[in-house]
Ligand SMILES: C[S@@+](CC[C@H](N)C(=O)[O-])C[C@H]1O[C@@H](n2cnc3c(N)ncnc32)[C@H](O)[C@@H]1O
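Before any questions on how it binds or moves, here is one chain, the form predicted on its own, in structure tokens.
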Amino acid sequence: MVKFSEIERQRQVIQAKLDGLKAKEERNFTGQFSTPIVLAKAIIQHTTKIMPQGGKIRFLDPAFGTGAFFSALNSAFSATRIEAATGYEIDPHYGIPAKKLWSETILDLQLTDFTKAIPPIDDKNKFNLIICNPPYVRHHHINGQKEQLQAKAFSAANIKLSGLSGLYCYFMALSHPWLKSNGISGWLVPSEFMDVNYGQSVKHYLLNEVTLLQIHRFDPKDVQFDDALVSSAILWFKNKKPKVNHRVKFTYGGTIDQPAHEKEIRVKVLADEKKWTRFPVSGERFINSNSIPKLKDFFTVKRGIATGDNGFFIMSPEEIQRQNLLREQFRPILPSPRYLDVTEVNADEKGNPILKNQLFVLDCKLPIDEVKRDYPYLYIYLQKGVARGVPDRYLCKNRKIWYAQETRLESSFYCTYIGRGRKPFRFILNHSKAIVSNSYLILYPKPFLEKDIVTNAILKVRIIEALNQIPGKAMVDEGRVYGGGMHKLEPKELGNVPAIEIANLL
């Protein structure tokens, strides 16, 4: 008789040993983050409440690893109920030891790439339970097979996946023809698909091709994987077209069975809502969002400049002097948010910010021949950059002049776009000529607002007060969250933040 508890004990020892033999960078590249057994058991245990009672189980794990979910399955269901179990594992580093470990069980472990496997044609050979923690491989690491995978995903599940989709999206799509009608599928995935643009196609699939049953989103501060700073969610769906009035259960925080928050959301609401992470803590938007004033109605939002090498291009006044460089080839730039402890930046008579840690960014538009002829010390400094490979960096080598920064005008209004806590973002009132790096977002007033600011000097102060009165939750709802509770806002997302405070002011 197979003792699954003893196999699980051995599996955990093997998993730790195998992980230790691979560099963390390699596992990050290939998206190999093993599911902790406690989490695997919690997911399977919750799945038992979703599965129909009784009946045989045909189980599939398309990204098997060493078998955490299969182990959890055998602790939750009797051996007599599990009719078949199949796994796919592309990496022999994990697959060969796993195949040996589970050799005395009914498991059929295929040491091959699931994305290239052919699904069963006969429904009786399909599976009524698919549970998977797919590899979290970012889109830029899916080399040479993206178009083929997109075509297969569309054929398998009617999903037109974006080129920015991670590999986990393809796994979900390609598993569709393996799942029996009315079968249950559960996926442990990064929660970012709920908010980002590439996730729209995944959400369309979940709302139209299957019946989405539940999404549990873990508190971002409670990272599920020790070696991956990823905010995770587990979703379950049934292979059946949804009813028109179907509601999806959203849970958040706590445990899967005892969440901190819970709410059912209508499918119609989800189809219109771009930010699913607002649920269940926030409710449906009952007011027509198009009628609510937003920041984009008053500002054009852009990202700060990306130098390509801050250590080379950004200097203190002392460093500029030490290199015998001229200040006229530099622009003032604010320090990163962590080193800026004020919300209002004043300026001296030259327009430079009055700060303890003044910084300037090299921004020369002259061709290198002119620099060599007219600014010999600058030419010497640039040659130091050449020696350290700065011109070969991605951003620099794609510029006409590698040491000339992208064009950005300074603004009176800047916003930190990444942070933690209840109010992770703050707005900065800038009176100086300082530009900002891409650690900030820039808000350029629309022409009508700029005209009012010019004629009313106190208006800038009133505007910054109004901006900082925007509730942190309103901004968080429009952004995205990552593991460890780190919140982030992209330019378009900041533009979509409700700006009732600004509208009331004007």
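Quick caveat: nothing in here was measured; it's all calculated off a predicted structure. The numbering used is simple: start at 1 and walk along the sequence shown.
This protein has a second form, the form predicted together with the ligand, left out of what is shown; the following refers to that one.
Partner proximity in the predicted complex, defined as non-hydrogen atoms within 4.5 angstroms of the ligand, places exactly one of 342-350, 248-256, 89-97, 371-379 at the interface: 89-97. The candidate site formed by P335, V361 and S439 is entirely out of contact with the ligand in the predicted complex, as no residue has a non-hydrogen atom within 4.5 angstroms of it. Not displayed here, the ligand is approached by P134 to within 4.5 Å at the level of heavy atoms in the predicted complex.
Proximity of T115 to the ligand in the predicted complex: non-hydrogen atoms within 4.5 Å are present.
Proximity of T47 to the ligand in the predicted complex: non-hydrogen atoms within 4.5 Å are absent; the residue sits far from the partner.
When contacts are judged by a 4.5 Å heavy atom cut-off, L467 does not count as touching the ligand in the predicted complex. Put simply, of F171, Y414, F298, F127 only one has a heavy atom within 4.5 Å of the ligand in the predicted complex, and it is F171. Along 35-67, a non-hydrogen atom within 4.5 Å of the ligand in the predicted complex is carried by T35, D61, P62, A63, F64, G65, in order along the sequence.
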